[in-house]
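A single chain comes next, written as structure tokens; it is the form predicted on its own.
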Amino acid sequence: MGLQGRIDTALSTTITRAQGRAQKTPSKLASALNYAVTPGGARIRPTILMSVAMACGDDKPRLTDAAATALELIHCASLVHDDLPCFDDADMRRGKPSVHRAFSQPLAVLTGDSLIILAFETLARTVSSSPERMAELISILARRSGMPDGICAGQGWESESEVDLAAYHQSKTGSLFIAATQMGAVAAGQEAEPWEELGARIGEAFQVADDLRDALYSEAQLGKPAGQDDLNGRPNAVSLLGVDGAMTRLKDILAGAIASIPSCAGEAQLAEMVRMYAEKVTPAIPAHHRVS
């Protein structure tokens, strides 16, 4: 089974368990949980987590699966909440109606909340595998999800009159990529700290690439509303650096990411994964935006 299959199987098992037995749980909320998670996007964060774990030996695959699942659940929860009218008010996500459009705003709030709780429950269920590793995994995920430098902080920056762009990007996007690299290492019995830089660089690259796509692509291409950064007055790399400058910045960040990979048994394979990721996230510039 490849990484994608491994991730999807772990997520499906977790969601099915969370939905409970028919007629014993609220059916609409149960359906919304599955709707919010499947079909998924690129599953980039859990893929990075598993790739790091495998590069470090992956001696406890059950723990790695739980960590990857928990991380993706937090990410999916953040998307459900981001799309709400009080934030982005987005009608579409991953090419289909956002959760609040498909199920209602109250159910969207409950769906996001339920996924967050489920993420930590999923990790807690692995306590018998390695209590020490599990405790650190929970700590990393909690820190990168909340305040002062997690995704909640990232969303909070959008309510400030003056925004630190680097802090905003690191919190809103980079935090879960840092969680991915650190949790992958910890799940395999390695120290978390050496893996922070790699996660931060990948996260920054993803944010710059997302800023470029938001500025250059249509809603049909994105599967969600386009032009949201300008519409909502958000700080972004394109408004700060221009299209060409943002592309140059993206390439520099990705080169730095490869150079920052800590020494490990699977270092070469991990570097190749980052290169493949770089090709995948780098947007093509439409002809009318190119500078000759």
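The first residue of the sequence shown is number 1, and the count goes up from there. Only a predicted model underlies this, so the values are computations on that prediction, with no experimental measurement involved.
One more form of this protein exists, namely the form predicted together with another copy of the chain; it is left out here, but the text below deals with it.
Enquirer: Counting only heavy atoms and a 4.5 Å cutoff, which of 179-187, 111-119, 90-98, 203-211 contacts another copy of the chain in the predicted complex?
Expert: Partner-contacting stretch among the options: 111-119.
Enquirer: Determine whether any heavy atom of residue 164 comes within 4.5 Å of a heavy atom of another copy of the chain in the predicted complex, and answer yes or no.
Expert: Yes, residue 164 lies within 4.5 Å of another copy of the chain in the predicted complex.
Enquirer: Although the partner isn't part of this model, could you tell me whether residue 17 comes within 4.5 Å of another copy of the chain in the predicted complex, counting any heavy atom of the residue?
Expert: The answer is yes: residue 17 has a heavy atom within 4.5 Å of another copy of the chain.
Enquirer: Looking in the predicted complex, any heavy atom of residue 105 within 4.5 Å of another copy of the chain?
Expert: Flag for residue 105 set to yes.
Enquirer: Verify the contact flag for residue 156: yes if a non-hydrogen atom of it lies within 4.5 Å of a non-hydrogen atom of another copy of the chain in the predicted complex, no if not.
Expert: Taking the distances in the predicted complex, the answer for residue 156 is yes, it comes within 4.5 Å of another copy of the chain.
Enquirer: Given that another copy of the chain is left out here, which of 53, 33, 66, 254 has a heavy atom within 4.5 Å of it in the predicted complex?
Expert: Filtering the options by heavy-atom distance leaves 33.
Enquirer: So in the predicted complex, are 124, 132 and 143 all sitting within 4.5 Å of another copy of the chain, heavy atoms only?
Expert: Affirmative, all three are within 4.5 Å.
Enquirer: Select from 24-50 the residues with a non-hydrogen atom within 4.5 Å of another copy of the chain in the predicted complex and write them out in sequence order.
Expert: Heavy-atom contacts to another copy of the chain in the predicted complex: 24, 25, 26, 27, 28, 29, 30, 33.
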